[in-house]
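Shown below, as structure tokens, is a lone chain in the form predicted on its own; questions about how it binds or moves come after it.
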Amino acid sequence: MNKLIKKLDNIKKGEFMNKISTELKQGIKLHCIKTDLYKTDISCIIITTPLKRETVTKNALIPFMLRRGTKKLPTQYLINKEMENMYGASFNCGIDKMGDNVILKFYIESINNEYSLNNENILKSNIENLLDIVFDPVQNDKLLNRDFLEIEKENLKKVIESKIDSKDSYAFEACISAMYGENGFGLYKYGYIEDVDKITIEEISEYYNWLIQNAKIDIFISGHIDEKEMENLLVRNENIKKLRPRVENYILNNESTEIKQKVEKPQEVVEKLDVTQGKLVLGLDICSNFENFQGIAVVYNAILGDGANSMMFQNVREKAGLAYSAKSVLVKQKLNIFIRCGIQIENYEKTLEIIKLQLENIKNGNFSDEDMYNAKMYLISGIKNVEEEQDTEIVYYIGQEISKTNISLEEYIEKIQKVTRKEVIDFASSVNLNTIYFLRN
């Protein structure tokens, strides 16, 4: 362990990027991530709203409708042409699920102003374009474009129908759905096929206008930037001016807000499809809180199943040869760990038995100091790599903002450093099996 301490001591204060957050209006924040590590700037708008059965499909449609045109650039062709004029800037959008919320995300990546040929303010233009895409779309009498809706309905149907194509992802979502039902985290982020055709242009337009005036909005700008300049640019923008202050209308999920009750007997769900490989997913609840939850949880998960040195990989996949893939995923916002395995269907009972043995081994302290060392070094290496990828760093801070943990990368490493063997064992005793899901033929 001394080797670990020496390596960790080499991490210097101030090594990571500098994030400065400013509230533009109540419920609308600007987050400037100042760095000169890249030749690019990224502007990102995040809209966060609760996952609800009645709105989840509408949320999935909105980003893809908005990308098709603004009042200034009323077609997708013109938006793409504008990106080309900005030295090949790239625009994209999508949705993601984070705890009991869905986030609508829009972002533009472009070269830094200092690399322009004619001293253009590329960043300013792209921020303004992004704000137009999200807040000033093509509308007629407050209605979004009807043709855009019909096109994106057909596209969304294909996305929802293709969910079954990736059996690994399908099984993971099915396990979550079995645990949470059609509530919050249990909902599929792209919505439901039976709802798509029911959505009218009047209904989605009304919802869009409600969303931008009520949802939590975060604007992230990363690059070689001046935060005061960015703040001035945004407060003067007409799109920001027309947004009203709001109470942050979303569901806060973190280790302090989530409470899990121990399940005495886990539910078992078996689903049969035309598959050649079984998909086994175990949903685990974390039933206690800990002072250093974030640090302990990730170290425990790394020992269990995150990485090539983990128990799942070494004992289930390599030594026992029972799984093609074996890993565990921590969902901190919901205090869950999901164990995911691809197995031969006839190995179901054997695999389940050996997975349960790994859980008991950690609970009984049957892991080595080397396991602790490998887990910490694996995690710290991953955190340090975050600063190597600009978009990954933004994603990290989005998660921190939505969960209201707001831990810097440097602080995160310090939390991992402090985790003790006893804390991992105590944590293991709070981990309880909730659901066993098996997809087979």
Partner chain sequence: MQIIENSKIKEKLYIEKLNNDLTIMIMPKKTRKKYIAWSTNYGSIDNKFYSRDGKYHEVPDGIAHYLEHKLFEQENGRNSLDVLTSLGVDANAYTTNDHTAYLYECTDNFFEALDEFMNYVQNPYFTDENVEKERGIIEQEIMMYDDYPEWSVYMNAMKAMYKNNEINIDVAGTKESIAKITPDKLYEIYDSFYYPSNMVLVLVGDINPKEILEDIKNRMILKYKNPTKRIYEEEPQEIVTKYIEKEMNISMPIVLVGYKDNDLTSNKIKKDIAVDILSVLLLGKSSEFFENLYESGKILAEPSANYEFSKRYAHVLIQVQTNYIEEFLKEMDTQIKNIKENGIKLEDFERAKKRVYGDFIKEYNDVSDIATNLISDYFKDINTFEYLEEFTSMNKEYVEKVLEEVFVENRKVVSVIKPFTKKD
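All values reported here derive from a predicted model rather than from experimental measurement. Whichever C-alpha set is largest while still superposing within 1.5 Å between the two forms counts as the rigid core. Residue numbers count along the first chain shown, from 1.
Separately, the form predicted in complex with the partner chain exists; it is not shown, and the next lines address it.
When you look in the predicted bound form, the only residue of 131, 323, 282, 171 with a non-hydrogen atom within 4.5 Å of the partner chain is 323. A heavy atom within 4.5 Å of the partner chain in the predicted bound form is found for one listed residue only; from 141, 349, 165, 264, this is 165.
Though the partner is left out of this view, residue 210 does not reach within 4.5 Å of the partner chain in the predicted bound form, counting heavy atoms only. With a 4.5 Å cutoff on heavy atoms, residue 115 counts as touching the partner chain in the predicted bound form. In the predicted bound form, the partner chain sits beyond 4.5 Å of every heavy atom of residue 365. The partner chain is not shown here, but in the predicted bound form it comes within 4.5 Å of a heavy atom of residue 88. Heavy atoms of every residue among 68, 317 and 388 are located within 4.5 Å of the partner chain in the predicted bound form.
The stretch from 54-62, 399-407, 36-44, 22-30 that comes within 4.5 Å of the partner chain in the predicted bound form, counting heavy atoms only, is 36-44.
In the predicted bound form, the residues of 134-173 lying within 4.5 Å of the partner chain by at least one heavy atom are, in order, 151, 152, 155, 158, 159, 161, 162, 164, 165, 167, 168. Comparing the forms between the shown form and the other one on their rigid core, the Cα displacement of residue 386 reaches 2 Å or more. After superposition on the rigid core, displacement of the C-alpha of residue 323 between the shown form and the other one amounts to 2 Å or more. When two forms of a protein are overlaid on their rigid core, residues whose CA moves 2 Å or more are considered shifted, and residue 343 is one of them between the shown form and the other one.
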